[in-house]
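Listed next as C-alpha coordinates is one chain, alone, in the form predicted alone.
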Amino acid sequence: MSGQHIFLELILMPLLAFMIGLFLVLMMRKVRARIERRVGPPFLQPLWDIIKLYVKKMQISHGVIHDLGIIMLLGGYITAEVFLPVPGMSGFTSQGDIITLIYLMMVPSLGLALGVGQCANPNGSIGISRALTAMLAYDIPFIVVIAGACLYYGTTDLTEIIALQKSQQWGLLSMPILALAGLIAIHAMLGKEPFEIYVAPAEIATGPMVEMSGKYLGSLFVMQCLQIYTITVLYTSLFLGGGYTWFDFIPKLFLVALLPVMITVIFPRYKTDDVLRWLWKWPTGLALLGLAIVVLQG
(Lines give C-alpha, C1' and ligand atoms only; values in the text may rest on other atoms or scores of the structure.)
Protein backbone atom coordinates (compact mmCIF):
# COMPACT_ATOMS: atom_id res chain seq x y z
CA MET A 1 0.00 0.00 0.00
CA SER A 2 1.42 3.40 -1.02
CA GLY A 3 2.31 6.14 1.42
CA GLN A 4 -0.34 8.38 -0.15
CA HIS A 5 -3.02 5.75 0.44
CA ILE A 6 -1.91 5.37 4.06
CA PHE A 7 -2.05 9.13 4.58
CA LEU A 8 -5.54 9.33 3.09
CA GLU A 9 -6.83 6.59 5.37
CA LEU A 10 -5.26 8.15 8.47
CA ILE A 11 -6.83 11.52 7.74
CA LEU A 12 -9.99 10.63 5.85
CA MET A 13 -11.36 7.79 7.97
CA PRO A 14 -11.69 9.76 11.27
CA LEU A 15 -13.28 12.68 9.38
CA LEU A 16 -15.67 10.36 7.58
CA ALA A 17 -16.51 8.61 10.86
CA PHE A 18 -17.25 11.97 12.48
CA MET A 19 -19.54 13.12 9.68
CA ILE A 20 -21.51 9.86 9.55
CA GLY A 21 -21.69 9.80 13.35
CA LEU A 22 -23.01 13.36 13.27
CA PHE A 23 -25.87 12.31 11.01
CA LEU A 24 -26.52 9.28 13.23
CA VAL A 25 -26.84 11.60 16.24
CA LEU A 26 -29.23 13.86 14.31
CA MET A 27 -31.29 10.86 13.21
CA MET A 28 -31.57 9.61 16.79
CA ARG A 29 -32.68 13.06 17.99
CA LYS A 30 -35.24 13.46 15.20
CA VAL A 31 -36.70 9.97 15.68
CA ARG A 32 -37.05 10.51 19.41
CA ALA A 33 -38.69 13.88 18.82
CA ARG A 34 -41.18 12.43 16.34
CA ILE A 35 -42.14 9.60 18.68
CA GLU A 36 -42.66 12.18 21.44
CA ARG A 37 -44.68 14.35 19.01
CA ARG A 38 -42.09 17.12 18.86
CA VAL A 39 -40.52 18.81 15.83
CA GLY A 40 -36.94 18.04 16.80
CA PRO A 41 -33.72 19.98 16.08
CA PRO A 42 -32.82 21.54 12.71
CA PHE A 43 -30.87 19.43 10.24
CA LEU A 44 -27.40 20.76 11.12
CA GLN A 45 -28.03 21.46 14.82
CA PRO A 46 -25.48 18.89 16.14
CA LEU A 47 -22.76 20.47 13.97
CA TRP A 48 -23.65 24.01 15.12
CA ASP A 49 -23.53 22.84 18.75
CA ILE A 50 -19.98 21.51 18.32
CA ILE A 51 -18.78 24.61 16.43
CA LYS A 52 -20.30 26.89 19.08
CA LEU A 53 -18.47 25.06 21.87
CA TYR A 54 -15.12 25.01 20.05
CA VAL A 55 -15.14 28.76 19.28
CA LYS A 56 -15.84 29.73 22.90
CA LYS A 57 -12.92 31.64 24.41
CA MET A 58 -13.58 30.66 28.02
CA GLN A 59 -13.00 27.13 29.22
CA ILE A 60 -11.89 25.67 32.53
CA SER A 61 -8.96 23.26 32.78
CA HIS A 62 -8.38 21.46 36.06
CA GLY A 63 -4.83 20.43 35.25
CA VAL A 64 -2.68 18.16 33.12
CA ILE A 65 -4.64 14.98 33.91
CA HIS A 66 -7.86 16.72 32.89
CA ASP A 67 -6.30 17.64 29.54
CA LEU A 68 -4.80 14.16 29.12
CA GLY A 69 -8.21 12.61 29.76
CA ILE A 70 -9.71 14.58 26.86
CA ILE A 71 -6.87 13.44 24.58
CA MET A 72 -7.47 9.80 25.53
CA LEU A 73 -11.22 10.28 25.15
CA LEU A 74 -10.88 11.31 21.51
CA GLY A 75 -7.70 9.39 20.69
CA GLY A 76 -9.15 5.97 21.45
CA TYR A 77 -11.97 6.29 18.94
CA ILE A 78 -9.93 8.20 16.33
CA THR A 79 -7.38 5.37 16.35
CA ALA A 80 -10.13 2.76 16.17
CA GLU A 81 -11.55 4.28 12.97
CA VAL A 82 -8.52 3.38 10.85
CA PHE A 83 -8.85 -0.30 11.85
CA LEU A 84 -12.55 -0.58 10.96
CA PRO A 85 -13.22 -2.31 7.61
CA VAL A 86 -15.38 -0.09 5.42
CA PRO A 87 -16.09 -0.15 1.66
CA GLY A 88 -13.12 1.07 -0.35
CA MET A 89 -10.76 1.55 2.60
CA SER A 90 -9.51 -1.43 4.56
CA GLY A 91 -5.73 -1.16 4.27
CA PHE A 92 -5.11 -0.96 8.00
CA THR A 93 -7.58 -3.70 8.88
CA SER A 94 -4.96 -6.38 8.26
CA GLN A 95 -2.72 -4.72 10.85
CA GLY A 96 -5.18 -5.13 13.71
CA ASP A 97 -8.10 -7.41 14.44
CA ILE A 98 -11.21 -7.25 16.60
CA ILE A 99 -9.14 -7.71 19.78
CA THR A 100 -7.29 -4.49 18.95
CA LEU A 101 -10.61 -2.69 18.51
CA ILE A 102 -11.90 -3.89 21.89
CA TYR A 103 -8.88 -2.44 23.67
CA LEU A 104 -9.13 0.85 21.77
CA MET A 105 -12.84 1.18 22.59
CA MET A 106 -12.06 0.98 26.32
CA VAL A 107 -9.54 3.84 26.23
CA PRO A 108 -12.13 6.69 26.03
CA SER A 109 -13.95 5.56 29.19
CA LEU A 110 -10.67 5.40 31.09
CA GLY A 111 -9.69 8.82 29.74
CA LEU A 112 -13.03 10.25 30.84
CA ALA A 113 -12.50 8.77 34.29
CA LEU A 114 -9.07 10.42 34.55
CA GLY A 115 -10.31 13.80 33.35
CA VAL A 116 -13.39 13.90 35.56
CA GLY A 117 -11.46 12.52 38.53
CA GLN A 118 -9.23 15.61 38.69
CA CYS A 119 -12.26 17.91 38.73
CA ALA A 120 -13.21 16.70 42.24
CA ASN A 121 -16.86 17.49 41.58
CA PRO A 122 -19.21 15.14 43.51
CA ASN A 123 -21.69 14.88 40.64
CA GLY A 124 -18.89 14.15 38.19
CA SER A 125 -17.36 11.53 40.48
CA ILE A 126 -20.72 9.80 40.95
CA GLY A 127 -21.33 9.91 37.20
CA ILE A 128 -17.97 8.41 36.27
CA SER A 129 -18.27 5.69 38.92
CA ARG A 130 -21.63 4.78 37.42
CA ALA A 131 -20.12 4.85 33.91
CA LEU A 132 -17.36 2.42 34.91
CA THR A 133 -19.93 0.20 36.65
CA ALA A 134 -22.06 0.18 33.51
CA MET A 135 -18.98 -0.65 31.42
CA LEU A 136 -18.37 -3.68 33.64
CA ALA A 137 -22.00 -4.70 33.13
CA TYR A 138 -22.21 -4.43 29.33
CA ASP A 139 -18.65 -5.50 28.50
CA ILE A 140 -19.25 -9.04 29.76
CA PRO A 141 -22.06 -9.91 27.30
CA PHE A 142 -20.32 -7.89 24.58
CA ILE A 143 -17.08 -9.88 24.93
CA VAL A 144 -19.00 -13.19 25.02
CA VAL A 145 -20.83 -12.19 21.81
CA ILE A 146 -17.55 -11.34 20.07
CA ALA A 147 -15.95 -14.58 21.28
CA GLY A 148 -18.89 -16.58 19.92
CA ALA A 149 -18.75 -14.81 16.54
CA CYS A 150 -14.98 -15.34 16.26
CA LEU A 151 -15.34 -19.03 17.14
CA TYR A 152 -18.07 -19.46 14.55
CA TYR A 153 -16.03 -17.85 11.77
CA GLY A 154 -12.69 -19.21 12.96
CA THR A 155 -10.94 -15.84 12.82
CA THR A 156 -10.64 -12.50 14.61
CA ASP A 157 -10.03 -10.59 11.37
CA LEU A 158 -13.10 -8.47 10.59
CA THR A 159 -12.25 -8.39 6.89
CA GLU A 160 -12.35 -12.19 6.74
CA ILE A 161 -15.57 -12.26 8.78
CA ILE A 162 -17.24 -9.90 6.29
CA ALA A 163 -15.97 -12.00 3.35
CA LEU A 164 -17.34 -15.20 4.91
CA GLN A 165 -20.76 -13.58 5.37
CA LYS A 166 -20.80 -12.51 1.74
CA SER A 167 -20.08 -16.07 0.59
CA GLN A 168 -22.41 -17.75 3.10
CA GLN A 169 -25.07 -15.82 5.04
CA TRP A 170 -25.21 -12.93 7.51
CA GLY A 171 -24.32 -13.59 11.12
CA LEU A 172 -27.81 -12.35 12.02
CA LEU A 173 -29.22 -15.46 10.33
CA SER A 174 -26.56 -17.97 11.36
CA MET A 175 -26.21 -16.72 14.98
CA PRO A 176 -29.53 -15.03 15.85
CA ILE A 177 -29.16 -15.44 19.62
CA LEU A 178 -25.68 -13.89 19.63
CA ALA A 179 -26.94 -11.10 17.36
CA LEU A 180 -29.79 -10.31 19.78
CA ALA A 181 -27.46 -10.32 22.79
CA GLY A 182 -25.04 -8.05 20.90
CA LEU A 183 -27.83 -5.61 20.04
CA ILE A 184 -28.80 -5.32 23.71
CA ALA A 185 -25.15 -4.87 24.71
CA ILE A 186 -24.55 -2.03 22.22
CA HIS A 187 -27.73 -0.33 23.43
CA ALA A 188 -26.15 -0.21 26.90
CA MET A 189 -22.81 0.89 25.42
CA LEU A 190 -24.52 3.91 23.84
CA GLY A 191 -25.77 4.93 27.30
CA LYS A 192 -29.40 5.36 26.28
CA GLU A 193 -32.40 4.75 28.51
CA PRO A 194 -32.97 2.53 30.39
CA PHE A 195 -29.17 2.34 30.85
CA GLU A 196 -28.52 6.10 31.14
CA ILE A 197 -27.26 5.90 34.71
CA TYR A 198 -24.08 7.98 34.42
CA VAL A 199 -25.65 11.12 32.88
CA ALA A 200 -28.98 11.25 34.78
CA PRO A 201 -29.54 15.05 34.39
CA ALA A 202 -32.34 15.23 36.93
CA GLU A 203 -30.25 13.39 39.51
CA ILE A 204 -26.54 14.23 39.10
CA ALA A 205 -26.67 17.16 36.63
CA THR A 206 -25.32 15.16 33.65
CA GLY A 207 -22.51 13.61 35.72
CA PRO A 208 -19.17 13.57 33.82
CA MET A 209 -20.14 16.64 31.77
CA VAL A 210 -20.81 18.87 34.77
CA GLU A 211 -17.25 20.27 34.86
CA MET A 212 -16.75 20.35 31.09
CA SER A 213 -16.98 23.61 29.16
CA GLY A 214 -15.93 25.06 25.83
CA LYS A 215 -13.67 22.77 23.80
CA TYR A 216 -13.81 20.07 26.45
CA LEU A 217 -17.58 19.79 26.19
CA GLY A 218 -17.30 19.99 22.40
CA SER A 219 -14.87 17.07 22.52
CA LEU A 220 -17.46 15.03 24.38
CA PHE A 221 -19.95 15.68 21.57
CA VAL A 222 -17.34 14.67 18.99
CA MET A 223 -16.64 11.51 21.00
CA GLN A 224 -20.36 10.70 20.98
CA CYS A 225 -20.42 10.87 17.17
CA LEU A 226 -17.33 8.65 16.87
CA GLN A 227 -18.68 6.22 19.47
CA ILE A 228 -22.00 5.70 17.68
CA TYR A 229 -20.21 5.21 14.36
CA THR A 230 -17.67 2.74 15.79
CA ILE A 231 -20.25 0.61 17.59
CA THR A 232 -22.64 0.46 14.64
CA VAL A 233 -19.85 -0.40 12.17
CA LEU A 234 -18.58 -3.17 14.45
CA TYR A 235 -22.06 -4.70 14.82
CA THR A 236 -22.73 -4.38 11.09
CA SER A 237 -19.43 -6.09 10.30
CA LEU A 238 -20.15 -8.99 12.66
CA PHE A 239 -23.82 -9.67 11.94
CA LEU A 240 -25.01 -7.74 8.86
CA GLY A 241 -22.30 -8.63 6.36
CA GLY A 242 -20.56 -5.26 6.27
CA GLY A 243 -21.13 -3.51 2.96
CA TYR A 244 -20.22 -3.84 -0.70
CA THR A 245 -20.53 -0.08 -1.19
CA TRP A 246 -21.32 2.91 1.00
CA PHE A 247 -24.86 2.94 -0.45
CA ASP A 248 -25.75 -0.35 1.20
CA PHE A 249 -23.39 0.09 4.18
CA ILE A 250 -24.70 3.38 5.61
CA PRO A 251 -28.39 2.28 5.75
CA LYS A 252 -27.31 -0.69 7.89
CA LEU A 253 -25.56 1.70 10.31
CA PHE A 254 -28.71 3.82 10.59
CA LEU A 255 -30.84 0.73 11.18
CA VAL A 256 -28.58 -0.48 14.00
CA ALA A 257 -28.68 2.97 15.63
CA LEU A 258 -32.44 3.31 15.08
CA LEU A 259 -33.53 0.30 17.14
CA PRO A 260 -32.00 1.44 20.49
CA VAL A 261 -33.44 4.97 20.22
CA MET A 262 -36.93 3.60 19.58
CA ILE A 263 -36.63 1.47 22.72
CA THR A 264 -35.18 4.43 24.64
CA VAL A 265 -38.40 6.41 24.31
CA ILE A 266 -40.48 3.60 25.81
CA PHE A 267 -38.52 2.74 28.97
CA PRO A 268 -37.51 4.97 31.92
CA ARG A 269 -33.99 4.92 33.37
CA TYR A 270 -33.03 2.01 35.61
CA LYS A 271 -31.19 2.30 38.90
CA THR A 272 -27.51 1.28 38.96
CA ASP A 273 -28.11 -2.07 40.66
CA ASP A 274 -30.98 -2.79 38.26
CA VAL A 275 -28.67 -2.17 35.28
CA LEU A 276 -26.10 -4.61 36.64
CA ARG A 277 -28.69 -7.23 37.47
CA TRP A 278 -30.51 -6.93 34.13
CA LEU A 279 -27.40 -6.92 31.91
CA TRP A 280 -25.79 -9.82 33.75
CA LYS A 281 -29.02 -11.79 33.54
CA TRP A 282 -30.54 -11.35 30.07
CA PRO A 283 -27.93 -10.35 27.45
CA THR A 284 -25.22 -12.31 29.25
CA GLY A 285 -27.49 -15.36 29.46
CA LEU A 286 -28.38 -15.05 25.78
CA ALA A 287 -24.73 -14.57 24.84
CA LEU A 288 -23.66 -17.67 26.79
CA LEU A 289 -26.47 -19.67 25.20
CA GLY A 290 -25.43 -18.48 21.74
CA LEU A 291 -21.77 -19.32 22.54
CA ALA A 292 -22.78 -22.81 23.68
CA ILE A 293 -24.69 -23.38 20.41
CA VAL A 294 -21.66 -22.27 18.37
CA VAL A 295 -19.37 -24.63 20.33
CA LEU A 296 -21.79 -27.57 19.94
CA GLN A 297 -22.05 -26.91 16.20
CA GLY A 298 -18.30 -27.38 16.04
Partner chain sequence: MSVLDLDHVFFLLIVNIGIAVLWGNRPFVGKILTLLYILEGLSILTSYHVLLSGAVLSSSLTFTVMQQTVQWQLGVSGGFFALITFMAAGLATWFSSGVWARSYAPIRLLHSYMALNVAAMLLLLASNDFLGLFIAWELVSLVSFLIIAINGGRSAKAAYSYILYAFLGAMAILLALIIIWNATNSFSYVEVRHHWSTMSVNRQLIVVLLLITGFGIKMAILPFHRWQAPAYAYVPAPVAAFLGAISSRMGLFALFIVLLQVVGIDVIQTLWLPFEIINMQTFLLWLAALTLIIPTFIALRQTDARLLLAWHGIGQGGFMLLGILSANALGTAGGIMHVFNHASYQAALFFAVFSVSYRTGTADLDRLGGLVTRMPISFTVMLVGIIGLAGLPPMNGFVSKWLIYKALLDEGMPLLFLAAVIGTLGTILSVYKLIHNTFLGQLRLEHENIKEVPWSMSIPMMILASIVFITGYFPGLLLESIAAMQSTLGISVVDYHLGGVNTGKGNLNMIVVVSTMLMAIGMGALIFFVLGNPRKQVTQWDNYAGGHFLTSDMRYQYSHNFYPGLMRVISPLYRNTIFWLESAIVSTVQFMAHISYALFMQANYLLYLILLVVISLLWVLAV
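Numbering follows the first chain given and starts at 1. Bear in mind the structure is a predicted one, so any value in this text is a computation, not a measurement.
The same protein also has a form predicted in complex with its partner chain, omitted here; what follows describes it.
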{"query": "Its partner chain in the model of the complex: contacted by all of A163, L173 and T245, heavy atom 4.5 Å", "finding": "no"}
{"query": "Partner-contacting position among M89, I177, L132, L183 - heavy atom within 4.5 Å of its partner chain in the model of the complex", "finding": "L132"}
{"query": "Residue contact check: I60 to its partner chain in the model of the complex, 4.5 Å heavy atom", "finding": "yes"}
{"query": "Contact label in the model of the complex: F254 to its partner chain, heavy atom within 4.5 Å", "finding": "no"}
{"query": "Proximity of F23 to its partner chain in the model of the complex, heavy atoms at 4.5 Å", "finding": "no"}
{"query": "Its partner chain contact in the model of the complex: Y54, any heavy atom under 4.5 Å", "finding": "yes"}
{"query": "Contacts with its partner chain in the model of the complex, stretch 134 to 152 (heavy atom within 4.5 Å)", "finding": "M135, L136, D139, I140, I143, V144, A147, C150, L151"}
